[in-house]
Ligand code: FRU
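The chain below stands alone, shown as structure tokens; this is the form predicted on its own.
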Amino acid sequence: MSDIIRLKAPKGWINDPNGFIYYKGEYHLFYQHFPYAPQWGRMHWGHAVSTDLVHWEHKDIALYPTKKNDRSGCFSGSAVEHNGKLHIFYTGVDYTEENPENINACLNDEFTAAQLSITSENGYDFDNINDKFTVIPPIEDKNIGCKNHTRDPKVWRGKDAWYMVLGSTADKKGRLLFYKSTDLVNWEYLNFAEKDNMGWMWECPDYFETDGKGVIVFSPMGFLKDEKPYDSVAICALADFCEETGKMNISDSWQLLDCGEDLYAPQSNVDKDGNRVVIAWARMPEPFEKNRIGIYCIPRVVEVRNNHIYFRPHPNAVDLFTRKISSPTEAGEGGYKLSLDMKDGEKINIGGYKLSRNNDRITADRSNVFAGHNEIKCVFETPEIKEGYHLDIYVDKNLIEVYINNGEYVLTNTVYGLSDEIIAGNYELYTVSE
């Protein structure tokens, strides 16, 4: 099975992107996957490859539970290349108490989490029986972190060593844990970082540098406090990391990675041209087809300008939308792109998905294309827009991505039941040219 523009579940369930890397001339993107049903379950790693970040080919399942420390699931992680090999690091979980009615879930949050590694000579073949080993066992020291809620290793190469960041929690406060290794096998705990009033656990951390600035991205659980089912979002902030001490200073001026609040668990990678690129999972309350649930956003290039973090659609995606059309009914498999200028007081209705601009803020309302899910937030707003009026809106029948001023802010929402009618002023419409 193949996907264009956005990677989607081949069947069953997908959530977090994992192991995103450019390796031996191809982009490899793994993903949290329950292949048996369109619901969360005992996690495997699915696998897709691409030569351009927009045409994806699904491959065989890469990781699946085989060891005591991952018998209940292979949770999220990352990948690096070293001496020609692909090294994967991920969280394995072991349920202390399985749900007797569904052994793919645990009872009472009783499980342990460890960090494991596996390698591949070519990026495709993984020996799940003989090649897995634990690099960080479950954490027993509560002053450092939590034995169950510590997960999602992101590994990167520093100046003279390898570094790992893990999401964790201590004293009901989210935190990051930092480790160091010289050989990718033995890991030394260095330090932690945390902030007040930013959720009780920090998932899927990612640290990188771009445009001369350090950026930290993570998904804090219990962050929104709005009594909605999605109580966590992906956020990002400028940060400084000291390799000698493992200390990280995180700016108080954080921002949402996406103002639509559906995107979660983003992971970044450097493309073949040196751009920092991020992909994230769009949460969905129901399948988009009978046995498929889970979509990823368009790959986004991350830039830092004037201490603001921008996310613009990858040029390989932009370059595909060149065939001009007059109606959404003429769009191809990749959906369509809508481009327009929106000044204060103006509105647009895209098949029931409503956008408006008031007081230089963009508001999105998906209420009419999210029937039956009113318990989930439906109205979203950006901060004040400062850099112009231009919107590029990429529309899939189940995902809308609104890029404002080429990434000053982005607003992404999952939707169901879009019509083919567009109500707006002047706009241009494009679809994918294959």
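Just count from 1 along the sequence shown to find any residue number. Since the model is a prediction, treat every value here as computed from it, not as a measurement.
If you look for the form predicted together with the ligand, you will not find it shown, but the lines that follow are about it.
- Taking the partner from elsewhere, N398 is found to have every heavy atom lying beyond 4.5 Å of the ligand in the model of the complex.
- M284 falls outside the set of residues with a heavy atom inside 4.5 Å of the ligand in the model of the complex.
- Within this chain, M43 lines the site of the ligand in the model of the complex, having a heavy atom no more than 4.5 Å away.
- Of the heavy atoms in D206, none are within 4.5 Å of the ligand in the model of the complex.
- With the partner removed from view, the residue among F126, Y264, F241, Y163 that has a non-hydrogen atom within 4.5 Å of the ligand in the model of the complex turns out to be Y264.
- This chain is drawn without the ligand; in the model of the complex, the residue among N269, S168, S76, S72 with a heavy atom within 4.5 Å of it is S76.
- Picking from 349-357, 81-89, 144-152, 322-330 the stretch near the ligand in the model of the complex, with a 4.5 Å limit on heavy atoms, gives 144-152.
- Contacts between stretch 206-225 and the ligand, counted in the model of the complex as any heavy atom lying within 4.5 Å, involve no residue at all.
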